[in-house]
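The chain below stands alone, shown as structure tokens; this is the form predicted alone.
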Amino acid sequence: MKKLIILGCGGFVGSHLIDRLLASGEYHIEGWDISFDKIAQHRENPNLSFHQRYINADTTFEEIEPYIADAEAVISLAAICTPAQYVSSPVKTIHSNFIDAYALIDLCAKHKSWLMHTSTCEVYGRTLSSYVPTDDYDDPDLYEQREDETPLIMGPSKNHRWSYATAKQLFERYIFAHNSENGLPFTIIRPYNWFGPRMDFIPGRDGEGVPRVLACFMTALLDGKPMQLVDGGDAYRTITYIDDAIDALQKMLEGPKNSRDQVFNIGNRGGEVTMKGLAHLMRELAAEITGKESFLSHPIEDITGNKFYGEGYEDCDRRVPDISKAESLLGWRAKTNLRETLRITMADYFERYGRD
């Protein structure tokens, strides 16, 4: 049986990965996280050992090291990844995504253990389109991201939106440094907006603060409040169904010769939508799922980024992943379209939180 370490095993991505890997019967997993709620159904599974700890360089890694030395792979999923937190808690964001985590790279390099790190498409920052005096997107070289070619362009330091992206980028660069100097085997995954059941909390029900856009829109639909479009909702996102993303991670684990020492964009090129388009589609799907036509006219209102997130926010304009590496090396391509991704995800929210 293959031994794996999964950091962040109890989160959204971790819970879906745990479901898949334990179902295969091929892995024993040592998992670290602060919450077990999303994987509680696996509590008695002998192939999962759960360590309820916050991942911290000062305390946790001494405990983890013996497992790293004996692991088939170390999968790093733990992160702060909510834009509201980038702006309101930039120090905590940088600590979580680099300072509290970089020792993991040192340990994997020390033991030559394969580190599979989930980074983010945020490392690309702004697109080149941001600097072209037109809002047309006729040239894909201006907005399409290629893992080994596209420059990583961050906004000004005063805009805390980029605290997450720069911390994740530095983590990637530290991985590459250890690979070059010490032979660290690695795989870096850059997710493009993975959506699915168990994705985020609903404020006032099972969490506080401002979640990501899907949960914000769902909160508005559930509570009968206006869906708020930040700065008009003109920003784009490329949305990928979580099961498709887990397919990619599984292919990486099963084919290390093709996935080691590579960076992969994992996103659905057909899942691109503006936030305004997302709001309208979610209204339509809410009516379809619940049978309540009133959702079709659910109110939508504009709000500035500074008012919604606070000072220091700015949005990315457009990101579309080039997935040719994932196609050629992994044989992977997303299968689930945007509408079906949202339908499955929203149905889960309505099931968990009610339809009134």
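The numbering used is simple: start at 1 and walk along the sequence shown. As the structure is a prediction and not an experimental result, all values here were calculated from the model.
Just so you know, the form predicted together with a small molecule exists too; it's not on screen, but the next bit is about it.
At the 4.5 Å threshold, heavy atoms of F217 reach the small molecule in the predicted complex. Among residues of the shown chain, R283 is not one whose heavy atoms approach the small molecule to within 4.5 Å in the predicted complex. Although the partner is absent here, F308 lies within 4.5 Å of the small molecule in the predicted complex, judged by heavy atoms. With a 4.5 Å cutoff on heavy atoms, F264 does not count as touching the small molecule in the predicted complex; it lies far away. Residue in contact with the small molecule in the predicted complex (any heavy atom within 4.5 Å), chosen from S96, T120, T127, S88: T120. Of the listed positions (Q145, T166, S113, Q228), a single one reaches within 4.5 angstroms of the small molecule by any non-hydrogen atom in the predicted complex, namely Q228. Judged against the small molecule in the predicted complex with a 4.5 angstroms heavy atom cut-off, the residues I5, P185 and R260 are out of contact without exception.
Contact with the small molecule in the predicted complex, defined as any heavy atom within 4.5 Å, is confined among 231-239, 245-253, 152-160, 99-107 to 231-239.
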